[in-house]
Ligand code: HEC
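Heads up, the chain below is alone and in the form predicted on its own; it's given as C-alpha cells.
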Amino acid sequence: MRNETMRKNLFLGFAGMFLGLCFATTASALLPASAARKTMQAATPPPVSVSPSVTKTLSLTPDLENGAEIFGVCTACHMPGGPGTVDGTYPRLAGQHKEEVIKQIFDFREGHRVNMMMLPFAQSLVSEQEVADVAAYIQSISTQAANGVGPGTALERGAQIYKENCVSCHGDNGEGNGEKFYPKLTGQHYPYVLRQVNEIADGKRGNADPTMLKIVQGLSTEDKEAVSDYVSRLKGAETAAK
C-alpha cells in the first residue's frame, strides 16, 4: 500500500514536472533574449542553509522498517542495497550519514539543489517522518559492492590535493561528519564525484558549501580528475555511518 501511494505521488510529480517544463520552454521561446536571461537569473537557487524542515526531521525517531519499504522505490535507480551504479549515473547511498541524506532531500524539494530526476522522488515523501525513516534506513545499509574508480594515473597528485583541501571536512578515509553535514565519500563512484566537483565549480550546484566552491574553482581540469580518482579509492570501514 505504501509503495502504491508513492508511485501515485511520483506519477503526479512527473506529470507536473513535464507540464512545467513544457510551459517554461514555450514561455522562454516567446521572450526576447534579454528577458530570458533575467528569468534564468531570477530562478537561481537561494543561498545554502539548513532549513527548519531539516532540523525538525532530525528530532524525530525513525522507523527503519518503514524506511526499508520506502527505499524499495529508490532501488529502481540506486539499486537494491544502495550501491548506485559504477558509471556514476546514480551515486552510492549505502551507509551515507542520515543527516546528509535528510539535508539533500530537502534541498531538492526546496530548490537549493536542482535535479529533475530526483525532485519527484523527494516530493513523494509526504512528511518529515518519512524522510527521517528512509534516511535512517539508508545509513543502516552496508554494502561490499565494488565502486567505479578512475584511471589511476595521477593518484599521488590527487592524494596531495585531498590532504591539503578536503581532509579537514571529509576525514582521512572519506568518512565525513554527519553532524556537520559533510557527506561520507568512502566507496563513492569516480564519475559521480567528478561530476559533482565540476558542477560545484561551474556554479550548477546551488547548495554547495562556499568553502568547497572556492577550493574546486581553483583546481585545474587535471586536478579535479586526480582528486576525484583518489576519493574513489578511499577505503573506510564498510559499516553504516554513525
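Remember, predicted model here, so these are calculated numbers, not experimental data. One-based numbering along the sequence shown.
Although it is not shown, the form predicted in complex with the ligand is what the next lines describe.
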| property | result |
| --- | --- |
| Listed residue that, although the ligand is not shown, lies within 4.5 Å of it in the model of the complex (heavy atoms), from Ala159, Val149, Ala145, Cys169 | Cys169 |
| Residue contact check: Asn165 to the ligand in the model of the complex, 4.5 Å heavy atom | yes |
| Partner proximity in the model of the complex: Arg195 to the ligand, non-hydrogen atom cutoff 4.5 Å | yes |
| Interface membership of Asp209, the ligand in the model of the complex, 4.5 Å heavy atom rule | yes |
| Exercise: Cys77 in contact with the ligand in the model of the complex, heavy atom 4.5 Å | yes |
| Contact test, all of Ala154, Gly174 and Arg233, partner the ligand in the model of the complex, heavy atom 4.5 Å | no |
| Residues in 90-113 close to the ligand in the model of the complex, defined by a heavy atom within 4.5 Å, in order | Tyr90, Pro91, Leu93, Gln96, Glu100, Val101, Lys103, Gln104, Ile105, Asp107, Phe108, Arg113 |
